[in-house]
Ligand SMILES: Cc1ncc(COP(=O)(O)O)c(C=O)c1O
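Single chain ahead, written as structure tokens, the form predicted alone.
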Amino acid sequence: MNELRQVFRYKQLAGEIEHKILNETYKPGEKLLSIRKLHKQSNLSISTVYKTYMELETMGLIEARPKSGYFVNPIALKQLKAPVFKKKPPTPRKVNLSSMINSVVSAINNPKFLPFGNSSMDADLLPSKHFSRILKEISHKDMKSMISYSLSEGDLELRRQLTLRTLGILEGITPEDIIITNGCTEAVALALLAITKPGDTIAIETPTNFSFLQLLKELGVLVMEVPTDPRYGVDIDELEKILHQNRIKTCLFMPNFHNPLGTIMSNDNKRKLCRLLHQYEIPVIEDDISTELYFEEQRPMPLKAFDERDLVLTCSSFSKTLAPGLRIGWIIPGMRFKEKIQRLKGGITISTSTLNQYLITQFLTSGAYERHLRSLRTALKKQAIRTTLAVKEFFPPDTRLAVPKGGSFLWIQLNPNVDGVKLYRKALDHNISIIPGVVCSNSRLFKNYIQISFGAPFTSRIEQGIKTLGTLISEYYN
């Protein structure tokens, strides 16, 4: 018990100092109290204070100088400026994929490249050993049942576990309200198929997850791009103009830790968005895949929590938090669309892997998921800060980015002279994969933007990669 109390105290103290560093109560480069002085001032043990400083040093917020003490990192994150909010008069358009898409996808999956373009977590952050133990404990009898089809809607116990995770977040959800899918992408695809037909127009954020554009092209729909701010999310006023002037069949949005912006919409804006869509009776498909990757105290609410007309279809998966290769996702479609989505699921993929569902279910029932999430969030927060500090240090001074409060991405605005596609190609020559901003828009916007991931532990190799990118970007200034 004393050990647990000590862990809580050092993390609490680290969080307090972190907050003061980020809001510049402690100035960049300022010397902190010595371990002994902070021990006396805080009435905490020397070991607790020492662990506090080690935690902050690991995050990159402070640095130890031999025989001098601990100092705040001289780079001020508060001085970072968010990327500029872009607006362009929207019109319904066919999806015209950038010619870069295939190259970008190939680079993301190439293990020889630094994984700045990869949206998945590094394997070292995922509980592979626990899954190995679950596999070893499967009996021959159990395995016989797992090589058969599961229910089309998914394993009942898995759906029960997911239902338990909605307590305090979504009211009245039962296992019958959830359909298991092959990842979040299938969940989104099923929702789109249930609502739209080829030629319909849907509203999407811009920038957006480029994989959405790939899916939408295959479905033959038109897209209307809604400007989306790196700080506040989708521009609701612009959306209202679009809804008033156009026949929009549905919206596809990512309110929490948006890909690629990292934005989280406030509860007030989520409520305002739902009321607007309710007024026009337009359903909205929300991608909720990164919501568990929050860095602050509370899990953000999904858009569905503000749904009063059964018009929000919530899609998610374990791909960002637990096991991307197992492809276990789900959809909470609401009663309006449940029956049709159930038929589509049964007709297209019949069911989801029985074995993979079993592995996830066993992990959830063991109680290990919350412990894993706490560890993962801590690691990602450290990686976010370290990566941002490195970008601030090595990229040109006019670089703009917003430090996210969750997720695993940084959206970076570069000087207008920088061509993100050319930078992408130059980076590949140095075995570095990034995502050029143009692939995240159907209108070829964001030419001088890039997206990088902080889903891998921050190492000297990662730091050198950011330094190399900074050098390549600086060449545009000569």
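Since we're looking at a predicted model, the values are computed, not measured. We number the residues from 1 along the sequence you see.
Omitted here: the form predicted together with this ligand. The next part is about that form.
Q: Report whether all of N259, I289 and R327 sit within 4.5 Å of this ligand in the predicted bound form, measuring from non-hydrogen atoms.
A: Every residue of the candidate spot has a heavy atom within 4.5 Å of this ligand in the predicted bound form.
Q: May I ask you to choose, among T388, T361, S119, T228, the residue with a heavy atom within 4.5 Å of this ligand in the predicted bound form?
A: For this set of options, the contacting one is S119.
Q: Tell me, out of L376, V104, L222, C184, which residue has a non-hydrogen atom within 4.5 angstroms of this ligand in the predicted bound form.
A: Exactly one residue meets the criterion: C184.
Q: Can you work out whether M254 and this ligand are in contact in the predicted bound form, taking contact to mean some heavy atom pair no more than 4.5 Å apart?
A: It does: once this ligand is placed as it appears in the predicted bound form, M254 has a heavy atom within 4.5 Å of it.
Q: Would S319 count as a contact of this ligand in the predicted bound form, using a 4.5 angstroms cut-off between non-hydrogen atoms?
A: Flag for S319 set to yes.
Q: Would Q161 count as touching this ligand in the predicted bound form under a 4.5 Å heavy atom rule?
A: Q161: no, not in contact with this ligand in the predicted bound form.
Q: So in the predicted bound form, is this ligand close enough to S150 to count as touching (4.5 Å, heavy atoms)?
A: Outside the cut-off, so no.
Q: Out of 319-327, 264-272, 362-370, 72-80, where are the residues with a heavy atom within 4.5 Å of this ligand in the predicted bound form?
A: Among the listed stretches, the partner-contacting one is 319-327.
Q: Across 197-215, which residues bring a heavy atom to within 4.5 Å of this ligand in the predicted bound form?
A: N209, F212 sit within 4.5 Å of the partner.
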